[in-house]
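First comes one chain, alone, set out as structure tokens in the form predicted alone.
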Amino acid sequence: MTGQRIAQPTAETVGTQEEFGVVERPLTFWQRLSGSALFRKGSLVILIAIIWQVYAGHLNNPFVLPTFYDTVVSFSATMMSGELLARTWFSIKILLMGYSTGIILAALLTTLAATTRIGNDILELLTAMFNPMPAIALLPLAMIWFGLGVGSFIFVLTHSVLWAVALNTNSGFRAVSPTLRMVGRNYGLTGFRYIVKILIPAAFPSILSGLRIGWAFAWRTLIAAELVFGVSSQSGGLGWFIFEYKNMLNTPTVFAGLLMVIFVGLTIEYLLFGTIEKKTIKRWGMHT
């Protein structure tokens, strides 16, 4: 165009580029691979499996520690027979009932705490009283009050989930900036609409953290509870599966049940909570 000139590279600029080298170059295959979190974590899993196989082979005592290969064989056999899947589904159904009940109660308590002063006092007092109490300690009461059925499972699972979710949600609500609070008040938001439109989006990282902690507490509490209730009622999920094969001295199948516990935990953590985090917190720029 008229009046404009395109700057041509001079000997000085060319010399500068040669001096400093290439500013940007494509990553090699190994650099891209090492930058993948999935590859790094998968490599760690493979390393653990190799160490397990070597040490168990050196120990040569399948009743104490079976080899990784024998555990995988037992895992495949119980999966193909459908027994391990059936026990897992039984546990997951109970877990969903207790988990959802705990979330609902936590939502009610935190809503009351966010809207009233007495509600905040109630939540602080109950959390301080019951949050440190292990759910397993309530098993005798659960057996007396609800018998050996599903009600006992739901009771201990609700206790595991309720206080973790309520505590993290309430902490997130308290951390919401006064500016956002004033914006909501200026728009005339009060009560439930104020919580949904202002507090929950701003406190969502804390809420998701509470849901993750509550899930972890509930899953391990369920397995432990099934070891007790399963022994008593001759039924149950993964906990009873592990205990039953322990009595048969079938250690590889016991480890197969433990592998399923780990597999379910990893699936929920990375596929469910990981996806929610990517779609919300990271996309909103709230990830720290």
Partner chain sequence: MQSLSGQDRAPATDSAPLLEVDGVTLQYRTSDRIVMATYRVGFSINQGDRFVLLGPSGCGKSTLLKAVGGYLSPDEGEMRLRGEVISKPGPDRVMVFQEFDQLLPWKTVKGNVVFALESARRCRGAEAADRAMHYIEKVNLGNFADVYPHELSGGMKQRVAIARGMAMEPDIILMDEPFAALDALTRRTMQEELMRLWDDTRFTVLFVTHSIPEAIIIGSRILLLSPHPGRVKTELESQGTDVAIDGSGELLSERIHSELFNEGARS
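Computed from a prediction, not measured in an experiment: that's the story for all the values here. Residue numbers count along the first chain shown, from 1.
What follows is about the form predicted in complex with its partner chain, which we do not show.
Quick one: which of 164-172, 179-187, 108-116, 68-76 gets within 4.5 Å of its partner chain in the model of the complex, going by heavy atoms? Of the stretches listed, the one contacting the partner is 179-187.
Proximity of residue 193 to its partner chain in the model of the complex, heavy atoms at 4.5 Å: Flag for residue 193 set to yes.
When the contact criterion is heavy atoms within 4.5 Å, does residue 123 count as touching its partner chain in the model of the complex? No, no contact at 4.5 Å.
Can you check whether residue 198 is within 4.5 Å of its partner chain in the model of the complex, heavy atom basis? Output for residue 198 is yes: heavy atoms within 4.5 Å of its partner chain.
How about residue 138: is it within 4.5 Å of its partner chain in the model of the complex, going by heavy atoms? Contact check for residue 138: no, nothing within 4.5 Å of its partner chain in the model of the complex.
Which of 154, 202, 142, 207 has a heavy atom within 4.5 Å of its partner chain in the model of the complex? By the 4.5 Å heavy-atom cutoff, the listed residue in contact is 202.
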